[in-house]
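The data below hold one chain only, encoded as structure tokens and taken in the form predicted alone.
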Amino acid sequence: MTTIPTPDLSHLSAQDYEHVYEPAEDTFLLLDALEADLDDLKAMNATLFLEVGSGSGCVSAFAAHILGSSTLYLSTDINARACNCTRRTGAQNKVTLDSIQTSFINGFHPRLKRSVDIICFNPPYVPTISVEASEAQGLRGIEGSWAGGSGGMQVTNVFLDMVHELLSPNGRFYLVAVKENNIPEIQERMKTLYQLDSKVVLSRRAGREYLSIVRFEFATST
């Protein structure tokens, strides 16, 4: 199996990571999930890749090494510094990453309807009080990368209701979640409301957290 190198992040400094989420176990688990699906992802001939909450740009740059130059790489983040880091990571790794400062995909949602082949979302999944999550999103800084509100799902729930409108018919959505997020409930909700089948493709313990990557696809008739 071909091994995809972890993107070069040597251009990012400790000062950058004071303001932007530094790649950690959740990031690398997502990279491993993408690499495990490498052959399928290549065969998709994806035209559009979207990462919501790109942070350092590590995931988008990794995806670009899998999918190649024919794919458009679009990322969003509420943090302006994260958008800048993502663009710089693209340049450092010789790929073009288009990064837009916005919440989720606000401002261009209708233009992406049923056209995104691959979506990656590593949300703020840590359970906190609701007010903390709301304030963190409002500050548009590094706090917004981890404070997840009630059940760690306050931010994630908003985007889950958008996914079905974005995914192309054969598209895939990769979500990072922790045990406290109640993954079976997420899976049931997405199946019932949006006919999205899902599978926990990787799981790993990282300190006190039990991380998982959940992959969603539209249900296919048999």
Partner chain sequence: MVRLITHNILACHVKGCTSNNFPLQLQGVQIELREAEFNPEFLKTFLPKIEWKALVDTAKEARDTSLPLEQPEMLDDEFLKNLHHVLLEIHIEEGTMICPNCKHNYPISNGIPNMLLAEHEVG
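Since this is a predicted model, take the numbers as computed values, not measurements. Numbering follows the first chain given and starts at 1.
One more form of this protein exists, namely the form predicted in complex with its partner chain; it is left out here, but the text below deals with it.
Visitor: State yes only if every one of Ser70, Thr96 and His109 has a non-hydrogen atom within 4.5 Å of its partner chain in the model of the complex; otherwise state no.
Guide: Answer is yes for this spot.
Visitor: So which of 149 to 157, 62 to 70, 171 to 179, 27 to 35 is the stretch with heavy atoms within 4.5 Å of its partner chain in the model of the complex?
Guide: Among the candidates, contact is made by 62 to 70.
Visitor: Can you check whether Ser103 is within 4.5 Å of its partner chain in the model of the complex, heavy atom basis?
Guide: Yes, Ser103 is a contact residue.
Visitor: Though only this chain appears here, would Ala136 touch its partner chain in the model of the complex if you measure heavy atom gaps against 4.5 Å?
Guide: Ala136 lies outside the contact set for its partner chain.
Visitor: Indicate whether Ser130 is a 4.5 Å heavy atom neighbour of its partner chain in the model of the complex.
Guide: Output for Ser130 is no: heavy atoms all beyond 4.5 Å of its partner chain.
Visitor: Heavy atom to heavy atom, is Asn84 within 4.5 Å of its partner chain in the model of the complex?
Guide: Yes, contact at 4.5 Å.
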